[in-house]
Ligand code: SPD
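Take a look at this single chain, the form predicted alone, given in structure tokens.
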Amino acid sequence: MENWFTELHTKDTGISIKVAKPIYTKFSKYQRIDIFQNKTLGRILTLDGLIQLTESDEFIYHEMLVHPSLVVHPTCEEVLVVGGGDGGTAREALKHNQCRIDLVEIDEAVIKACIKFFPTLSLSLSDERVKLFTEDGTKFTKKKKSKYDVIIVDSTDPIGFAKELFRAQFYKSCYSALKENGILVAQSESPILHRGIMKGMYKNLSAIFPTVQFYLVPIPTYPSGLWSFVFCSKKYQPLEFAREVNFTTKYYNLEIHKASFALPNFVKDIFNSD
């Protein structure tokens, strides 16, 4: 009998992926963790039934979450990653050799599963420049003042405990944890299916940061296939390049960087509507 995984994006749309082989299932304190194999997409990680990454396209997400901020910031050394227990965000940040990374993941079970089953991502977690903290990112951030050059929020969707990572209070804590020229970047959902979430993020973030700009990237296995990130800065603009791209990437380059901030009208309307 064929076994299919289905993730519903709305009541009547979603994505189905044939499970070639189930690999791992665990109910942690916070969520259900599943890993399975697909012939085309490779290994896939889901949390509470929602796709977090596939081996086939994870590089698009992680490269575009990380490099736009680290290329813009001219003196970035201290980076905080909130979430990102799979290690992909840390892997990309380590391509900027001067960076030291504090990675805060609430669910230690995610880290352990990814170390075992996603070695090309999780290898970064054993790097001496990475410090791991298994605790609540919202509480961790509150304790830091003017420490980080860049904060990267690699969160799951705003469901359950992750809702706190989309609230104004968390963004205020991030602002305080950043240095006077700091940058915050976060994943911000689909502009097709999650317009309300994006609008709420824009409202909260623009009340705190002088620069708030969203950018887009295609990610085939995420809801609608079109995903967004948000770049927030105390000082710098997202198209001001301070560093050369002298590291290897599969998706990111400066041309992609520039193009990703050019928003179609229907996305601009999200932020301009009442």
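For every residue, the number given is its place in the sequence shown, counted from 1. Every value quoted in this text rests on a predicted model; they were computed, and no experiment measured them.
Just so it is clear, the following notes concern the form predicted together with the named molecule, a form of the same protein that is not shown.
- Only one listed stretch (204 to 212, 22 to 30, 239 to 247, 58 to 66) carries heavy atoms within 4.5 Å of the named molecule in the predicted bound form, and that stretch is 58 to 66.
- Proximity of S155 to the named molecule in the predicted bound form falls within the 4.5 Å heavy atom cutoff.
- With a 4.5 Å cutoff on heavy atoms, T138 does not count as touching the named molecule in the predicted bound form; it lies far away.
- By the criterion of a heavy atom within 4.5 Å, F231 is excluded from the residues contacting the named molecule in the predicted bound form.
- Put simply, S173 is far from the named molecule in the predicted bound form: not one heavy atom of it is within 4.5 Å.
- Interface residues of 168 to 188, taken as those with a heavy atom within 4.5 Å of the named molecule in the predicted bound form (partner not displayed), are limited to Q187.
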